[in-house]
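Below you will find one chain, with nothing else, as structure tokens; this is the form predicted alone, and questions on how it binds or moves follow later.
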Amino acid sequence: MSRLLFKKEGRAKFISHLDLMRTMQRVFIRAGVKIKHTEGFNPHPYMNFAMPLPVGTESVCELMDFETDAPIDLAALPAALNAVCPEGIEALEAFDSDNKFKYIKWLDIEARLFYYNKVHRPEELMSFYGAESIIMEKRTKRSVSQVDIKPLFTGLTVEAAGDGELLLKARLAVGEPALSPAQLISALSQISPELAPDYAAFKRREVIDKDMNPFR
């Protein structure tokens, strides 16, 4: 299986996952690369993404698996794709890999927290996330439960990033159970709303395996 590492930033962060799939299909076609398709009345391309990226979230570590009809030069593929990629999407590297996506265990993220009418010091948020347990309400389509999210993140840091802005970085658990960047910030709103930002912007920085190494 061939794998593509790519970025999704800027205006492209507003492309939904479904639209991203269509976009990447068109990009490969325009680059002259034929993706292998399933057989039958409704053929689908052999393309699989590691983790759907929420609309509005940026990433510099997106992974997509694909198969082609014929052997291609993977080293030259990123340049060919970037020549026809839309703004905000950039291919970084293409390579062969048998490492299944299910072995992704952690996700490095950053969150830019904006406070419009109040000022908070990094130490205040560090104190909140440094508690022995952080019990918050997590909602699913079927239920609402109380969950201690403390075991679901590690390496959390907060630093000042400008007037009314803090930069939070953390490593979040992926799989079951998992913690999303939005849920990490939602814990502030639920438990200490005075610390909650007026707006938060998220970015994925790296996908990590069980041995705490970058996943490829």
Partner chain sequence: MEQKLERILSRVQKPARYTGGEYNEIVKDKSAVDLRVAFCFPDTYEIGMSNLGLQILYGAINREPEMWCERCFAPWGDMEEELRREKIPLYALESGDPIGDFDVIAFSLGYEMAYTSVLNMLELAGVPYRASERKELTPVVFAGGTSCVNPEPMADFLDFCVLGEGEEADIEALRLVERAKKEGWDKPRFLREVSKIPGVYVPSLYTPEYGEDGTLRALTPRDGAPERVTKRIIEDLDSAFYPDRAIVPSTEIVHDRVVLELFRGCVRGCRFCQAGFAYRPVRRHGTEFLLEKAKSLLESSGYEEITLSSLSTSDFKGLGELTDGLLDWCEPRRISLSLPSLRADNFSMDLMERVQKVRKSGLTFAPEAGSQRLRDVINKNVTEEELLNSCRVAFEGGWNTLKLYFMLGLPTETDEDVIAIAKLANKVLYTWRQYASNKARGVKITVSTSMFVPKPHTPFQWEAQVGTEEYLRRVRLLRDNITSKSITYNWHSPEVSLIEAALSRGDRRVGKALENVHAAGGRLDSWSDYFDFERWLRAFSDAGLEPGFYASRERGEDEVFPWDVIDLGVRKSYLLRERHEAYAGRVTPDCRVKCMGCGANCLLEGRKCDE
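A quick note: this is a predicted structure, and the numbers were derived from the prediction, not measured. Positions refer to the first chain, counted from 1.
Another form exists, predicted together with the partner chain; not displayed. Remarks below refer to it.
Although the partner is absent from this view, I35 contacts the partner chain in the model of the complex, with a non-hydrogen atom inside 4.5 angstroms. Mapping the unseen interface onto this chain, D148 falls outside it, with no heavy atom inside 4.5 Å of the partner chain in the model of the complex.
When contacts are judged by a 4.5 Å heavy atom cut-off, A160 does not count as touching the partner chain in the model of the complex. The closest heavy atom approach of A182 to the partner chain in the model of the complex falls outside 4.5 Å. Residue heavy atoms within 4.5 Å of the partner chain in the model of the complex occur in exactly one stretch of 24-32, 183-191, 151-159, 168-176, and that stretch is 24-32. Between the partner chain and the residues I134, A111, C85, A94, the one pair within 4.5 Å by heavy atoms in the model of the complex involves C85. The putative spot formed by L5, K118 and E206 is not touched by the partner chain in the model of the complex; no residue has a non-hydrogen atom within 4.5 angstroms of it. Of the residues in 1-19, those that come within 4.5 Å of the partner chain in the model of the complex through at least one heavy atom are, in sequence order, R11, K13, F14, I15, D19.
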